[in-house]
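In the form predicted on its own, a lone chain appears below as structure tokens.
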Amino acid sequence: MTRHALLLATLALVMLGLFAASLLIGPAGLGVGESLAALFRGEGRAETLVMREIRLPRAGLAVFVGAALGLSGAALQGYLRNPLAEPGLIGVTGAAGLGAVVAIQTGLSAALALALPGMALIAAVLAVLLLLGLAGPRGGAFTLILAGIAISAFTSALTALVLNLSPNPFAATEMMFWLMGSLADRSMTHLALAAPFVVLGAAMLIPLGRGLDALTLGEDAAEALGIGLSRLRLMLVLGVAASVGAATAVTGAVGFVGLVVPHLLRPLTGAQPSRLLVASGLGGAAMVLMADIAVRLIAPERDLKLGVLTALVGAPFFLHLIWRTRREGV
């Protein structure tokens, strides 16, 4: 077994172990035997409800959301050749957040169960179309970054405006809690909504590995090797948008996963973008599972939000990464 295969196998085993732990840990106080019997054999009405309708979709969403963020972060860092890049850079996260708060403000989320994630997903799609229009068919990485920053700033401003003008304090509170990011109170319906888009995004991003490897030599060298940069950029934007847009639509904003995970795994993959993609997907799933377990253990009675915890861990890491990059550049 090669070193890379061993890394992937280790990450997969860690993810599966954390997935099992996520199914077994919770405030219901079920034993391991009770949990497994309820999950697989449906023994006990209340226990079965807890396992199949609460813990299973929560753990499943953690896997898909984490994989989407980790994979998208690795792909963006490879394309931009910048270890500080992360999935929110192209504005999809902010747009999905705007769609969600509009759904809450207008009352659609109260009337229809899927209105909130549906509106968030629609807003993410519109942001991608705007991004591609602003960047143009031949725009480079710098143009893509500027367009993404502009969209992110604009959607953040509109989100703040909706919060500011909301006459209903309960709706404003719900918006704030949603924007913090969480896997709590999610159902199999949310999982069924997000999973196809995450899989579609992964199917677009993983084959880009060869092109991302070539880009490490520069754009001119990549084109000389037969890489179509316009097509690569289009598939990258669409793949990140599908994955991150769907993840944000069902969980809210969960930051720093796409930044931290690729950076931690890069030395173990020989800094080769094609090898980092799948590894970051597995690592992202493991990190979100771990964080979601932590929020249940740290303050179960206070409903600590997943996005708050990942930000508390990721922000200092981001500052450390900036400091180290600055020192290496001097």
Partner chain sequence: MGEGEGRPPRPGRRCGWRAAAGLVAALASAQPAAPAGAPGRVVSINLCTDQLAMMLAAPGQLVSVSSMARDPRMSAMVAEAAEHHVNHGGAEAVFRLDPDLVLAGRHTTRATVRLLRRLGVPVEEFAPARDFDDVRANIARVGAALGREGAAEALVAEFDARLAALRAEAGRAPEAALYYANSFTAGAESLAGHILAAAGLSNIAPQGGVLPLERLIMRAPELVVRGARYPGGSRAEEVLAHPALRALLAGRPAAPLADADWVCGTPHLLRAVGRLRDARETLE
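Numbering follows the first chain given and starts at 1. Keep in mind the model is a prediction, meaning the values are calculated, not measured.
Although not depicted, the form predicted together with its partner chain is the subject of the following passage.
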Does its partner chain come within 4.5 Å of a heavy atom in each of S152, A253 and Q272 in the predicted bound form? no
Between V63, L39, L265, L30, only one gets a heavy atom within 4.5 angstroms of its partner chain in the predicted bound form; which residue is that? L30
Report the residue, out of T216, S187, S156, N82, that has at least one non-hydrogen atom within 4.5 angstroms of its partner chain in the predicted bound form. S187
Candidate stretches 222-230, 119-127, 100-108, 86-94 - the one whose heavy atoms come within 4.5 Å of its partner chain in the predicted bound form: 100-108
Report whether the minimum heavy atom distance between G133 and its partner chain in the predicted bound form is within 4.5 Å. no
Going by a heavy atom distance of 4.5 Å, is E43 a contact of its partner chain in the predicted bound form? no
Quick one: does A294 come within 4.5 Å of its partner chain in the predicted bound form, counting heavy atoms only? no
Exercise: L304 in contact with its partner chain in the predicted bound form, heavy atom 4.5 Å: no
Stretch 151-168 - residues with a heavy atom within 4.5 Å of its partner chain in the predicted bound form: P167, N168
Please say whether the CA atoms of A113 and K305 come closer or move farther apart in the predicted bound form, knowing the change relative to this form is 3 Å or more. farther
Between L193 and S109, does the Cα distance in the predicted bound form come out closer or farther than in this form, changing by 3 Å or more? closer
